[in-house]
Every structure is written in structure tokens, then in C-alpha cells.
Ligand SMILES: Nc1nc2c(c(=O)[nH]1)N[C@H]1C(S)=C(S)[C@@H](COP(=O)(O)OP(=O)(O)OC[C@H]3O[C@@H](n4cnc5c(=O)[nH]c(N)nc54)[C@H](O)[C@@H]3O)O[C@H]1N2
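Only one chain is given next, in C-alpha cells, and it is the form predicted alone.
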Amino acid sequence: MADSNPSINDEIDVVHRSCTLCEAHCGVSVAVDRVQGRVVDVRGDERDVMSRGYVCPKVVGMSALSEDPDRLRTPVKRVNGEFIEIDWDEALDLVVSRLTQLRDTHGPNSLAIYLGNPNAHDFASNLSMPVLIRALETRWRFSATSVDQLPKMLSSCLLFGSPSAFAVPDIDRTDFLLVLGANPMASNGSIMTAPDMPGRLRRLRERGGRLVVVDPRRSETARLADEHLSIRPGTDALFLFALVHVLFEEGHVDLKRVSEQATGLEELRALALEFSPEAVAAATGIAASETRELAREFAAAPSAACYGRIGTCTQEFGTLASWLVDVLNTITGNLDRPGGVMFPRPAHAPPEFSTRRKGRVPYGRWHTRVRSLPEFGGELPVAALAEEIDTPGDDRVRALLTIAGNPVCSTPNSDRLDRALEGLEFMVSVDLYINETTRHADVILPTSAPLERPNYPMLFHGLSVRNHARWSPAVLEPPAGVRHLWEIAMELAGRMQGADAAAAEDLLLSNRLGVALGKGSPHSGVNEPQARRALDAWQGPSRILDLMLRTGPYGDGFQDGGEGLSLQALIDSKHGVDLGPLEPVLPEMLTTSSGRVELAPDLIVEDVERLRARLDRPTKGLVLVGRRHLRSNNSWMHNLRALSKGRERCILLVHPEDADRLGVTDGSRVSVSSRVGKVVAPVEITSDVMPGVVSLPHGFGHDRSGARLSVASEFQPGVNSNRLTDELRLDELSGNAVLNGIPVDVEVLRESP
């Protein structure tokens, strides 16, 4: 709703902020009736510096979340299988006493924590979760990361030195965009914050650019592309290696630029030698001639960007595929240059690259108990969570804290995890809902909805295709019995350490001040008392953010009257601040031990042997892949009537050739089974999937008793594809779950006579 809209009256306020329901974070204008305390309209903010008025259908879910009658509005505890309401003091006392008791009796690793996807969209959670994790003292840390982007984080760490060093496509200036395992027309971009993806792809085509999509399904993005290549699920690393092979073989490698940026070029050449297009064609399903032509086109383009996303991560060679995406960009000279892939410089980042630690890869410092799976970045693969609970032993997980997550829907072999949660001695959840996971909790602590809290998209400014900064003020007051996640985390952290929330918060601020103003910092001349006085205008996470902005690369440095950024300056810029296009930052931003891009790190080289063995494995049988819909991002969005209405979307896609062989017809119901489970789903016969591949969307399956999701269970219950995914199938290097390329059997359900 624009400021000049004539329908606005004295009782209506218009608040400009961003939508937090996916990674695009489009700018929205929210009209609020002050008298009634409710949202009356949400629409795109035409003056937003990034989205310029664009929004997708999910935007209506922002107000629907706050108004949902199923959401929790007071803490509850489970008594004899039923949830009863309790007050906050009783809830917090119970949680802390039980967690402390178990930790003291069985050790800190008897506790585990799981963080769900919504935490990534709440800057206050980004700041507070490390404090809570330290207070728990456990190494059993899990999150949605290991059913998503963990391989990309590991490969980025090995190549560039940091798990958060993501090279994103400079989509607004590129001449050639190669997309693998991604569907940005449905996702709005992922690990690539780019509002109005349809407009950006359209403008790419209008300026004469080329879009090529490699995917086992003719996705919404593939339909828009100049070319779509169907690939056998799980073989992206083979295909990418074949492209690299051609580039070396035919002399298309930018040797001068690469030698200035990187090490390991000759090792890479040797690794690629046996992965010729001819050698991999039978496995990938892509003709050698098509692979060779694509490699030549990519190398010849004035600028080009290769982009891989969740399909390249959630497969058995996820880390190798993610590594090869960046290898392809690097050896063609498209790393760190306009139109290629570049590194954002967010406003809250440290101002000087030189102050960052170098040469540390946080990998394998500890391992899971049962399968000895490696830690990376402080967390363990969530595919191991169920076995760490249900496998006997004195050091098994006995208590679980879930925060804004639903792993029973989103992690592999969900039935096993569902059963395992029943065996916990104590479980606490911080969530909006009693869902498929939280129904097992002994205590549920209700948290605020997105419109009820301020936000700064901290993680996503670090993934943006253009440098910018945006503050989102709260629009509504949270219900009286609800607290912000930040408040809950700090309260628990303080109590677990025998202190209070204020002490935990002050410790966090002190640590941040020490880093921001310490030796080697350009702000070392500012003393801590001076900085604290300037920050005292804010409370909680806003105070920490103000510190980060003031000492960031565009900050005012605590200079009175300075022109740089501060939180107040950001608040005053209601539609966001444009900080300009991405700019080259190499080699300064690299934190590898060599100070250069490391193209052939040891962990990667060792894992290539596993990929070689894939060449000799025959391709046979049906395999399952996932997909997503524009109207739903994760399972918790299915309880919003405005997003769940319409035709059934949880449908198994089957190619006509497979349908004929199986005796399947359009609309018939089939059983789909794997090693770990079985589901029943209706069929749509379509040539959009390649032969040998079937597809189910993720996030559905709202049919378990005890969950209070009335809309989801009524309108779109669907089936949970993670009843089919296998917790034993992992990308061995990262431990990320394999959610694509799962072997399945499909059988028609015969009616009883």
C-alpha cells in the first residue's frame, strides 16, 4: 500500500519492512488498523531499494501467521498426554531444572539442540543462539543446515576459508547463467538473495543473455530457459567434472587470471582427466556432445555464472558438486568479477578483512557416537539425531531442545525420528505451533510471529546480489503470553549458568565490543565506555546490531554527525539503503592458509575416489526427487488457509514411459516405498520429469495424531516425502542428508473386489 493511497485514514498506519517468509526478503508495505490492532493490507513496497514493489503469493501469510487461531499464545506442558496452559515462571523453572538435572547426572552431551529454518530469518536469533548453545555446554548441535546447504558451506570453507564465503551470481550483469539443482522461479532464489527473480531472469534474456537449466525436472525455471538439460539425479558432480575436463582439454581455462587467484590448478587438471563427457554420459543421461557444447558456450560468454542450489547439495556427492560449481566459475575467469560470481559486503560485517582468522577449517573436531559422523562448523548431521536418541548407551541423548523447527517433517526417515522422540526423558520446544515434532515436547514455549518483532536480514544481506541494508520495524504487538525468541534464549542461557537474562546479554555485548574495538580494528581508538554510551539508546539485539553497523564497512565509526550507517540511520531510511553493486574483494577477503583460492584441498581430493566408483555403478530403477511450490516454503506455512487453498499439490509426478510400464494412469493412487518406509499419493503423468525419475514435494504429511494444525490437516495434508528418505544415505564428506536420488518402488493400488 503506497503512502498516498486514498483509503488510508487517521486510524491506519503504513509500516515499511521486508517479508521474512523466504530468502528474497522482498520489501512490503503493511497497513495496520491501530484501533483494532490488526493488519488490513499487505502489498509490495514500490520504493524498496531491491524489490521495487514485487512480492510473491506467500506475502499474505505474514498477517495470517499472527492471526492463526492454532498458534500457541501461552506456554503449555504435557500432563498425561494432554497439553495444559502454564505461566512463564513455571515453564522456565521446569525447563531449566530438568535440563540442568540431566546435564549434571549424565553429562552435557545428554542434551541436544535442533534449530529450524525460521531462525535464519530472525537476526535476534542469529545473535542469541550461540549464547544459548554455550550455556547448554553440549556438542550435540543439529539444525536444518544438514538437510540443506551444509555441502556448500564446507566447499566454500575449503575453497575460500570461511563457511559463509558464498560466491553469488551477479545476476543483474551476467551474460550467461547456468543453473543446476535450483528452481529460483519457485524459491525466489536461495543462497542468492534476489527479490523479483522473474523480472531479473526476464531482463537477462532481454539484454541478450543466455539461461541454461540442468535439472531432472522441467521446472518453472527450466520452462523459461533457452535450454534445459535433463540429468539423472545425483550425478551433477560427474557432469560438472566433464565440463571442467573440456575446459582443460580444449584450452578454455583462463590460466593467467587463475594463477593470480588460486593454487592447485595442476592437481585439478589431473583430477578431471578421467571424467570426460563420454565417460560420464551413461551415468548423467546427458549426451557428450551437449556437454562439450555447453562448456564451450560458458567459456566463450563475455561473463558467466554457474549457480547450484539444494539439488546439488542434497545428494550423495553434494560437497563435490558444490565445489565444482565454484571451480567452474574460477577457471573460466568468472570469480570475483562483474557478471560472474561475487562476494557481498554486508553493512554489519567486520570492516577489515585482515582481522579475520586464517587457515582454520572447523571440521571433524568431534564425531557422532553411533556412526562417527564428522562435525562441521560446530554442528553434527541431523541424519544422526534419531540414532543418538534410540541407540542404547550411557552417553545417549536424553533431552532435546527444538527451536522453530519440525524435524519430524524435514529430516530423513522421519518415522524413526518420530518414534525416537517418544523415548526422550525430557523435551522442550520453542515454537508457534503444536506440530508433528513439538507434540512430543514436555514443555512448549510460544514465540512471536514475524510481524510482531523487528528484523534485519543479517544472513541474507551476506547472500545478496547487490549490497544493501534494510531495517524492518515490528508491525504488531505480540500476544500477551508470547515472548520473542531472543528473550527466551537469553532467559534460558542466563538461568542455565546461574545468572539472569540481563547478565547473558551484557556478556554478549562485551564480547562484541572487544572484537569491534580491539587491537587491529580501525575503531581501536574508541573506548568501551564511549561506545556503550552511544549504544544505550537501544536494548537487546538492536544494541548489538547498532554496534555492528557503526563499526562495519559503511558505518559512522561512532563519529558524531558522521555520514555513515548506524541503526538510527537505517531506521530513518524506511525503504532500505542501496550500497551499490557487488565489487571485487579478492584476495583480501580470503581466509585460507595460503591466502589464495585453494582449488584442490585434501578433503576434496580424497573424496573424488568415491565419485570415480560412481562411473562403474549401473543406473537402474526409479529414483525420487523433491520439489517446492511458490506458495509454500516449509511445513509451517501449510496451516495458513490463504496459502493452502486451491488444487492438491502433494502429487507424485511420473513420466509417461514409466507410467505405461507400471500400469499407472492420471489421478490413480500409488504406493511409493523405499528401504525405510511407504507413502500413498495420487499421480500426475507428465513429461516434465525424465524417465526413471518420480517427484514429490517436501514439507507435507500433516496427518499425525496430536498435532494442532487444523488447516494443514484439512486442506493439504499430503504425505511426507521424508518417510522415504534414508538416514543412512549421506554425502559422506559433509554428512548432509541425501534427499534426492532415493531408490523407490512404485505400485498401483488395486481396488478390493
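These numbers come from a predicted model, not from an experiment. Position 1 is the first residue in the sequence shown; the rest follow in order.
The form predicted together with the ligand is left out here; the points below concern that form.
- Of the candidates 154, 214, 399, 328, 214 is the one whose heavy atoms come within 4.5 Å of the ligand in the predicted complex; the others do not.
- Residue 453 is the only one of 453, 512, 292, 468 with a heavy atom lying within 4.5 Å of the ligand in the predicted complex.
- Within 4.5 Å of the ligand in the predicted complex, a heavy atom is found for all three of 187, 311 and 739.
- The closest non-hydrogen atom of residue 114 lies within 4.5 Å of the ligand in the predicted complex.
- The shortest heavy atom separation between residue 698 and the ligand in the predicted complex is within 4.5 Å.
- Remark: residue 704 does not count among the residues lining the ligand in the predicted complex, judged by a heavy atom distance of 4.5 Å or less.
- Contact check for residue 430: a heavy atom falls within 4.5 Å of the ligand in the predicted complex.
- Stretch 620 to 628 is the answer when you ask which of 84 to 92, 620 to 628, 677 to 685, 533 to 541 has residues with heavy atoms within 4.5 Å of the ligand in the predicted complex.
- Scanning 207 to 240 for heavy atoms within 4.5 Å of the ligand in the predicted complex gives 214, 215, 216, 217, 219, 231, 233, 234, 236 in sequence order.
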